[in-house]
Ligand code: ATP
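Quick setup: one chain, the form predicted alone, written in structure tokens, and binding and motion questions come after.
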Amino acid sequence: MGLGDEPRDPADSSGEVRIGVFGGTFDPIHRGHLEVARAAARAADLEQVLLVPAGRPWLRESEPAASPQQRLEMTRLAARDDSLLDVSDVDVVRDGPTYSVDTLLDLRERYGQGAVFVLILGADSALTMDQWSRGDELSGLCEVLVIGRPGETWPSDLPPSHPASRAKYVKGPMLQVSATDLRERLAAGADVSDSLVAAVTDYIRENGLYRAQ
């Protein structure tokens, strides 16, 4: 069982622990996600990165192709051989839409006051934080780390009231992988070994996910 599901007792830890919080639909989780998590750990001096599959992502127009439990299991399989990565089910087991403020509050209950959370976001998501539900509360719950795509720039004129105005911005890895493209390739029966961890590919095949309709 991962640390995201069975958190350690804060009494067992001396001092603060820096934990990255990387949420996503993960439909499916791919090597690009894993590389972003590792890049974030290097940039923000993180001791661990929690991968947090969304239950019902409120910004997404259509439902994910895989169920929350299936996406959670794929994420666990993708992370199981990397001691830096762990998985949390907080957004899957909670009823209702997935909001980052609820994610962080739930994680605080699980990990206690000894954890410093660093919310890991892409630039597009970070720039919309002023539109998020209770986004003004995030500054008191976490630091923000923005992972930019190659060639992307971060605006220097965000107003101080914007939740991402004090975010740290770093350029992410060059690996370009699209979950949408992966679903199409899987539906076509194409080889996806360059983009998916083998255990995730096996799970997708065994459960008949992303088949052509």
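The first residue of the sequence shown is number 1, and the count goes up from there. Throughout, rigid core stands for the largest set of C-alpha atoms superposing within 1.5 Å between the two forms. All values derive from a computational prediction rather than experimental measurement.
Separately, the form predicted in complex with the named molecule exists; it is not shown, and the next lines address it.
Checking R185, R149, H162, R56 against the named molecule in the predicted complex, a heavy atom within 4.5 Å turns up for just one residue: R149. Between the named molecule and the residues P97, G122, G112, G135, the one pair within 4.5 Å by heavy atoms in the predicted complex involves G122. Heavy atoms of L175 reach within 4.5 Å of the named molecule in the predicted complex, making it an interface residue. Shown alone here, T180 lies within 4.5 Å of the named molecule in the predicted complex, counting heavy atoms only. The named molecule is not shown here, and in the predicted complex it never comes within 4.5 Å of any heavy atom of P68. S195 falls outside the set of residues with a heavy atom inside 4.5 Å of the named molecule in the predicted complex. In sequence order, F22, G23, G24, T25, F26, H30, G32, H33, V36 are the residues of 18-37 having a heavy atom within 4.5 Å of the named molecule in the predicted complex; the partner itself is omitted from this view.
A movement of the C-alpha atom of E35 falling short of 2 angstroms is seen between this form and the one not shown when the two forms are aligned on their rigid core.
After superposition on the rigid core, displacement of the C-alpha of K168 between this form and the one not shown stays below 2 Å. With the core held fixed, E47 shows a CA shift below 2 Å between this form and the one not shown.
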